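This document starts with one chain, in the form predicted alone, laid out as structure tokens.
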């Protein structure tokens, strides 16, 4: 069975991928940002705390920080986004992932919202 996405209230998604946690922004976030034109990714090897700003996504409207959903070490970044940042708009949950972390505690994922909880959260924001 495929791992399910978990979500932060800041609109990041996190998905367990073997020993790593792959991270991106939600469909709601990419839609709210509009056309993404630039992405600043973290350096591999960087250690981050949950909730720490790790990356930036720039759109034609604004610049938005991407927070680490869990504590860990950045071990991989999606280098293809440097030349094709619009991939995040087209495919935020697969090809548009931003970075992968080796988490300090995988159990931290359980503290994030599941898809149903996140959908309810987004509906509340839209009211």
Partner chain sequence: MLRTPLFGAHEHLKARLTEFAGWEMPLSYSGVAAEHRAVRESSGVFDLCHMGRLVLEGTGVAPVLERLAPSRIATLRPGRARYTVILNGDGGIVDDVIVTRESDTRYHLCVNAVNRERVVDLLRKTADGGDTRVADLTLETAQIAVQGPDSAELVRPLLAGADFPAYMHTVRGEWEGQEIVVSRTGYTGELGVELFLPAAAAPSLWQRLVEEAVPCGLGARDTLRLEAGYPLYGHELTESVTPVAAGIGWVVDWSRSDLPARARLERDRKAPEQLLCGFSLSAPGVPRDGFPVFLDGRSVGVVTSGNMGISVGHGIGMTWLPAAHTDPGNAIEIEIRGRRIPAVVEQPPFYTRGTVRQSVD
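Residue numbers count along the first chain shown, from 1. Just so it is clear, the model here is predicted, and its values are computed rather than measured.
This next part talks about the form predicted together with its partner chain, which is not shown.
Participant: By the heavy atom within 4.5 Å rule, which residue out of 63, 80, 49, 95 makes contact with its partner chain in the model of the complex?
Facilitator: Checking each option against its partner chain in the model of the complex, the one that comes within 4.5 Å is 63.
Participant: In the model of the complex, do 5, 12 and 54 all reach within 4.5 Å of its partner chain through at least one heavy atom apiece?
Facilitator: No, because 5, 12 and 54 lack any heavy atom that approaches its partner chain to within 4.5 Å in the model of the complex.
Participant: So, in the model of the complex, is residue 87 in contact with its partner chain at a 4.5 angstroms heavy atom limit?
Facilitator: The answer is no: residue 87 has no heavy atom within 4.5 Å of its partner chain.
Participant: Applying a 4.5 Å heavy atom distance criterion, does residue 35 contact its partner chain in the model of the complex?
Facilitator: Yes, contact at 4.5 Å.
Participant: Looking in the model of the complex, any heavy atom of residue 40 within 4.5 Å of its partner chain?
Facilitator: Contact with its partner chain, yes.
Participant: So, residue 91 and its partner chain: in the model of the complex, are they within 4.5 Å at any heavy atom pair?
Facilitator: Result no; residue 91 lies far from its partner chain in the model of the complex.
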